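Quick heads-up: it's one chain on its own, the form predicted on its own, in structure tokens.
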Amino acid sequence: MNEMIASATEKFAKLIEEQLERIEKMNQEKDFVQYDQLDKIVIGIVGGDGIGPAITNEAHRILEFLLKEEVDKGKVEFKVIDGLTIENRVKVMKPIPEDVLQELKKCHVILKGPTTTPRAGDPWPNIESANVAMRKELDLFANVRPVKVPEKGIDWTFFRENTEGAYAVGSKGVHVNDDLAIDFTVTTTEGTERIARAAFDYAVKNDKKKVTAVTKANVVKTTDGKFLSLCQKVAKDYPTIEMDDWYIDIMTAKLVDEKRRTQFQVFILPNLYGDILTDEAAEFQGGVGTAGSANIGKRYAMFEAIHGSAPRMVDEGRAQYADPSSIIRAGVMLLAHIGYVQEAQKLERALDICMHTEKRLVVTGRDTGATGNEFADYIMQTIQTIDN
């Protein structure tokens, strides 16, 4: 028994060392990149797994269409990055192959398709999520997901902490013996304060009046308790913004409470709770297939669809019918992030027309509906009818 405890303790000590090193790196962070001061913005296009290449290609076409003049002037460059596939990752037993990581670091922003994360029982070995690894490698600490359903009074923006919490060391838990397995959750002062400030800054800049922290601090007292207390501390620097807090279990219920849900505006959440709650929230605007996601750091930013890679669709020969709406929504966020606000607004308006107002073409995921290519063409045709 002493040997088992010693082995587990040694692994835990190594995790602590890694996290302390990460804190040192966070303390050395520079300011956010200013895109308007760059000679050229490099946009990486990463297909990923399953339906990822099919839907990402359609979003890429639309972005090229919207930014054609900027590309012609040399202000914008698109860089297609292959290799972030489950096959390549398993081959080198890394969540991101080193050559792919170096290519990613040559970009300023990245549009990324879904990637497969092996689960217990899958044919693939246990390697870390490519998403989690990219967020850590590029320090993409803020996962930002907007959800809007005007007719239901819903206008939510979620700030999910991206590099800590239950996912930070998710592949480094300890099997003490056949009867005991232990995983870890991580909360740091630096990591929590920067996500809290990002949420409050957003609230101020976008005329929001309320920020809600979501934890389980009554039970998970150390890490969730620290997260909540640091959010409360940061809130004192924003006297015009009201802050309240809710526990994750009751928060999932209140999102479906028609009287209460319209009172929420901006959320701050640790990693796992943010993953759960944003998927629930996306259902209100049509499901995870309709929502995009931004992953923001000071040097890099990555924008992605929030659904999975749907390997079954590929196996059944239906990849061309996959709905590209989620990654196109991510493209809207990418355009706005790098300063092309007018183009972002056009694309968002075109999406709303094509998905809700006209619905001349509908993507069903099968040959009963449009292909992703046809839907992307429909969007570009619609953009041309929208006045500046």
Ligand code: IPM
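Keep in mind that this is a model prediction, so the values were computed, not measured. Quick note: we count residues from 1 along the sequence shown, nothing fancier.
What comes next is about the form predicted in complex with ligand IPM, which is not displayed.
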property: Candidate stretches 194-202, 175-183, 124-132, 221-229 - the one whose heavy atoms come within 4.5 Å of ligand IPM in the predicted complex; result: 124-132
property: Contact label in the predicted complex: residue 164 to ligand IPM, heavy atom within 4.5 Å; result: no
property: Distance check, residue 103 to ligand IPM in the predicted complex, heavy atom within 4.5 Å; result: no
property: Residue 117, heavy atom within 4.5 angstroms of ligand IPM in the predicted complex; result: yes
property: In the predicted complex, residue 139 touching ligand IPM (heavy atom, 4.5 Å); result: no
property: Residues from 144-162 in contact with ligand IPM (non-hydrogen atom within 4.5 Å) in the predicted complex; result: 145, 160
